[in-house]
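As structure tokens, one chain now follows by itself in the form predicted alone.
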Amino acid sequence: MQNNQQMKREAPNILITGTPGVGKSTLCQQLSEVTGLRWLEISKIAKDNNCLEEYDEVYQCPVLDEDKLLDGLEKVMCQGGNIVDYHGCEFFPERWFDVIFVLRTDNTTLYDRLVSRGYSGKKLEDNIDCEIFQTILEEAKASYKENIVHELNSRTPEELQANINRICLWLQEWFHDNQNI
């Protein structure tokens, strides 16, 4: 019996990441509907499976138990066919993903989106800084093979549709390249 790392998946795993507020969930929901791939909302999965630790008063959110989350996701990730939606990326195993898309947006758009979610103070400032300094993009490039990391602009409905189209084209190529494996 082969171990999970040697088994070929029938469908790829995609990571959609970026600063909170760049449009990950909107993209993932629509992409899942179009492709039939499973949308894994990491924040929801962590909450539903008790993968949250103490509460961070500064950022007004619970802290993720990464090890517990990863252990719980191993089987489904090895099966393939997943779109993973999360604002962090460096702790996920490299072997899980065939491609990573980092969504980016301008600071004015991001600011408005975060304020409408109720972000304020240090949490708002740090997320804006994260986008300014391309923190998530740099983490993705440092954590995965650079040729599988792609940056996508995510400001307008037109860019959303273009991103869906681009990812669908990538999927077609993946299935074409992996049909005889």
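Start at 1 and count along the sequence shown; that's the residue number. Keep in mind that what you see is a predicted model, and the values were worked out from it rather than measured.
Another form, the form predicted in complex with 2'-deoxyadenosine-5'-diphosphate (DAT), is not on view; read the next lines as being about it.
- Note on the interface: of 25 to 33, 45 to 53, 136 to 144, 63 to 71, the segment with non-hydrogen atoms within 4.5 angstroms of 2'-deoxyadenosine-5'-diphosphate (DAT) in the predicted complex is 25 to 33.
- In the predicted complex, at least one heavy atom of T19 sits within 4.5 Å of a heavy atom of 2'-deoxyadenosine-5'-diphosphate (DAT).
- Not displayed here, 2'-deoxyadenosine-5'-diphosphate (DAT) is kept clear of K123 by more than 4.5 Å at the level of heavy atoms in the predicted complex.
- 2'-deoxyadenosine-5'-diphosphate (DAT) in the predicted complex comes within 4.5 Å of a heavy atom belonging to S154.
- Contact check for L171: no non-hydrogen atom falls within 4.5 Å of 2'-deoxyadenosine-5'-diphosphate (DAT) in the predicted complex.
- Using a 4.5 Å cut-off to 2'-deoxyadenosine-5'-diphosphate (DAT) in the predicted complex, not one of K8, R38 and L40 places a heavy atom inside that distance.
- Contacts of stretch 105 to 128 with 2'-deoxyadenosine-5'-diphosphate (DAT) in the predicted complex, defined by any heavy atom lying within 4.5 Å, are made by R113, R117, listed in sequence order.
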